[in-house]
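As structure tokens, one chain now follows by itself in the form predicted on its own.
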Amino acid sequence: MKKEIIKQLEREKPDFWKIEQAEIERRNIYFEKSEEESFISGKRTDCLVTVYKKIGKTLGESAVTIKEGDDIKRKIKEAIIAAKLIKNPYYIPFEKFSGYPALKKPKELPSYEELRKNVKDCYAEMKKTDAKLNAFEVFAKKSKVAVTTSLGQELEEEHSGAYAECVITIKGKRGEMEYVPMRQEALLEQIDLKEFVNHNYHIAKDISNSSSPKTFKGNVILTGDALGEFFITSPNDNPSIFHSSARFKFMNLSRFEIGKPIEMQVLGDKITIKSNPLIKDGARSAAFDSNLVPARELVLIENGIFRNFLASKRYADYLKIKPTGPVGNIEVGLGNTPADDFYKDGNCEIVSFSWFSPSIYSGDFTAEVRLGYMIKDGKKIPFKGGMLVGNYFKLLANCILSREKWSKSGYYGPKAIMFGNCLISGS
């Protein structure tokens, strides 16, 4: 199929083109209650073809997915017609870079027997508790991506991914309730299904026995899922990544300036944030981006000062800076304070949000608390509900970072971060 696509591209003669051929192998097992409902194992190959057409001082581009049996000639012709209708400022999409990192190849996918045994073991563990597993799904995949461009470049890399989700039913003071935890990593062993179920059983139990909070003002500690959600890496969800984007700088939407603080008044530790796609078995590790720019570690914010924009080849050309490669795992610098020092009477811990979606422009947010704890008389008293209200950037400028490290789903940083002067609206 790839050879036929190249032949057709050479006939149609777009100014630039690239083919991203992905061979994807996946295995998925699903249990309803304690009985296996389905097991899926399969492979597929797709080709994502992108064509570029220069018109004056503009460059149009269009992408199309081609599968076995598709009309290759028609699809490429339609893509070129679409590219002619788009008029972006001109840039050169590919260059011949060097110095690509060698990432470790992923392991073989777990067998059906291994997946089934792991899930069965989780059901056996849950039977020892007062909760039930109503459903359990485990997904594992491996992919090989080969990229070919009109400049004669050919690069290949392999990725892996794993996902687990379950439904826990438990009865407590709030009555019977369901809790649906999920986790995504590069490898299934990074999830540790037994630990995943056991950890989330205790969270579900605390939620079922929690009370509704009163309005709270003071120090809030973020841990666990809540901490991971706070630093999620998507530019469309995370203000620090959005404002670090060269694309949004070019569009005059970024508030960051190189060499200047992200917030003028810093009341706590000075935060450092990096993008690192080179972490071994990282959930967001990669050797290159879609325009074949080599991956590299990049400091975004250093001790509260903005240092570098995340720049694709296109927006790097527009801003006349070097492209930086793919957005990687997020590393947050550690502090000097033991996490245990955060747990003082009068403080509050949040371990999970129902959602955390700050405004990517202003950083303002209102986030419902799925599970938190008020610290009183040296004990953690669970609560559910109430809204954490604040501003993302002001929190980053008023935080204390733990010295212990924790990682999950592409976040690598402090195990706990305590933010000062927070508000949780309650009854």
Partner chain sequence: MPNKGDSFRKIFKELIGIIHSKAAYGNVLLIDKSALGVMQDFSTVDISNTGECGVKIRAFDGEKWHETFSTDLEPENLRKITKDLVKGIRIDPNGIKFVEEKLEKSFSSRFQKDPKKVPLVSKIAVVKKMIDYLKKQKHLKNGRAFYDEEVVRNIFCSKNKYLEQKISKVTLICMAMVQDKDGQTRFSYELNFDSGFEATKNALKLAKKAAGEAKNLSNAKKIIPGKYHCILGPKVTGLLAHESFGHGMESDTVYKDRALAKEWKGKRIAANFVDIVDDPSFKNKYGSFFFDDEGQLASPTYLVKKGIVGNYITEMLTATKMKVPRSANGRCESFDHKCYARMTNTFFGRGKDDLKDMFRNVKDGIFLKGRGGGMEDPKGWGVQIQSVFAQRIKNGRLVNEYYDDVGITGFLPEILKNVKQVSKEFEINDTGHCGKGHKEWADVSTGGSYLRIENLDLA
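Note that this is a predicted model, so its numbers are computed, not measured. We call the rigid core whatever largest set of C-alpha positions still superposes within 1.5 Å between the two forms. Positions refer to the first chain, counted from 1.
As for the form predicted together with its partner chain, it is not shown, yet the points below apply to it.
Chemist: Can you tell me which of 352-360, 273-281, 99-107, 145-153 lies within 4.5 Å of its partner chain in the model of the complex, counting heavy atoms only?
Modeler: Careful reading of the contacts points to 352-360.
Chemist: Looking at E165, E297, E125, D317 here, can you tell me which has any non-hydrogen atom within 4.5 angstroms of its partner chain in the model of the complex?
Modeler: That would be E165.
Chemist: Within 4.5 Å, heavy atoms only, which of K205, K77, R255, R307 is in contact with its partner chain in the model of the complex?
Modeler: Only one listed residue qualifies here, and that residue is R255.
Chemist: Taking the shortest heavy atom distance, is A82 within 4.5 Å of its partner chain in the model of the complex?
Modeler: It does: once its partner chain is placed as it appears in the model of the complex, A82 has a heavy atom within 4.5 Å of it.
Chemist: Any of the heavy atoms of H159 lying within 4.5 Å of its partner chain in the model of the complex?
Modeler: Heavy-atom contact with its partner chain at 4.5 Å: absent for H159.
Chemist: May I ask you to check whether K53 falls inside a 4.5 Å heavy atom distance of its partner chain in the model of the complex?
Modeler: Result no; K53 lies far from its partner chain in the model of the complex.
Chemist: Is M251 part of the interface with its partner chain in the model of the complex - any heavy atom within 4.5 Å?
Modeler: The answer is yes: M251 has a heavy atom within 4.5 Å of its partner chain.
Chemist: Pick out the residues of 49-79 whose heavy atoms come within 4.5 Å of its partner chain in the model of the complex.
Modeler: Residues within 4.5 Å: E61, S62, A63, V64, T65, K67, E68, G69.
Chemist: If the two forms are fitted on the core, does K84 show a Cα displacement reaching 2 angstroms between the shown form and the other one?
Modeler: Indeed, K84 is displaced by 2 Å or more.
Chemist: Kindly check if the Cα atom of L371 is displaced 2 angstroms or more between the shown form and the other one relative to the superposed rigid core.
Modeler: For L371, whose C-alpha is compared between the shown form and the other one after core superposition, the shift is less than 2 Å.
Chemist: Quick one: core overlaid, is D71 moving 2 Å or more at the Cα between the shown form and the other one?
Modeler: Moves: yes, 2 Å or greater.
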